[in-house]
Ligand SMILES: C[S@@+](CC[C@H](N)C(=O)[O-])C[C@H]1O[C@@H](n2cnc3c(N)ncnc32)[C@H](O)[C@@H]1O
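To begin, one chain is listed below as structure tokens, in the form predicted alone.
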């Protein structure tokens, strides 16, 4: 049986979703795997297909670390004529959706619309819901639903599917400490993967000098059970919270209170072959702080606490300031760079090799 799925992630990480699922599919014995970046021209989406037993590809996709949501595509069509909303309602009403077949099933419709249209996403949700009820009466429930129907519109294309994930895959279990702002777990996974892809082997000692609530450390410990993880943060509350999160997940690690720019003093007794971190984007370091100075001091400190073969992966928002600091501290060279989308911002993942 050939199964096709469409998977959402952060823009710029689509290829990592395909790469991760391909590896899982091959290991599971699925055959004829195919992946497509940005199907229908949708950034932040990947399409995959493989031959295998019913439900096998779905089960693998629901365990992805790089993804957000998994969708089973049902139908795609082009909007034509003077009544696009009427067309959407009619097209949905004509669909046979197995998940909506059982009596008593409750559903909701979500929609993401991009392009210029004489209607809103809310209008799409309304008429798609009416289309479901035209075929077979099913109750709508925005919160207590059994089936989530996605009806997304991109320019003149309308895409209909059933979302298989109720919560984003990046929301990995309960944490004792979860601040208002925390790095998405799938982005943390991407940073780690790009720092140490499979051929490079696992790290031995990994540091996150801006660890916050410990998301990168949690992902690293889950990915490489033998790695020794360490983190630092200037916030005592964050350090306590990161310790609690690691302990709750059953992972060991050492987390210290301290400034990343003073990592050479904070970690004078340690040497790390891998550094992965999410430096502040701007709000936490004060209005008078120079980003070039911040990054320069960080690179200087990391030179003192990393091994000669170390690799560093950072999520950087102020790329111009970072590049200037890198020119002034040539102990590291850029190995890989890619821009991603994160909460409406477009930071870059920069992977550095220690070269001096």
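Positions refer to the first chain, counted from 1. Quick caveat: nothing in here was measured; it's all calculated off a predicted structure.
The form predicted together with this ligand exists for this protein as well; it is not shown, and the discussion that follows is about that form.
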Residue 238, heavy atom within 4.5 angstroms of this ligand in the predicted bound form: yes
Exercise: residue 258 in contact with this ligand in the predicted bound form, heavy atom 4.5 Å: yes
Touches this ligand in the predicted bound form: residue 234 (any heavy atom, 4.5 Å): yes
Close approach of residue 211 to this ligand in the predicted bound form, 4.5 Å, heavy atom: yes
Proximity to this ligand in the predicted bound form (heavy atom, within 4.5 Å), stretch among 115-123, 271-279, 73-81, 89-97: 271-279
This ligand: the contacting residue among 183, 194, 162, 169 in the predicted bound form [heavy atom, 4.5 Å]: 183
Answer option from 68, 47, 294, 42, heavy atom within 4.5 Å of this ligand in the predicted bound form: 294
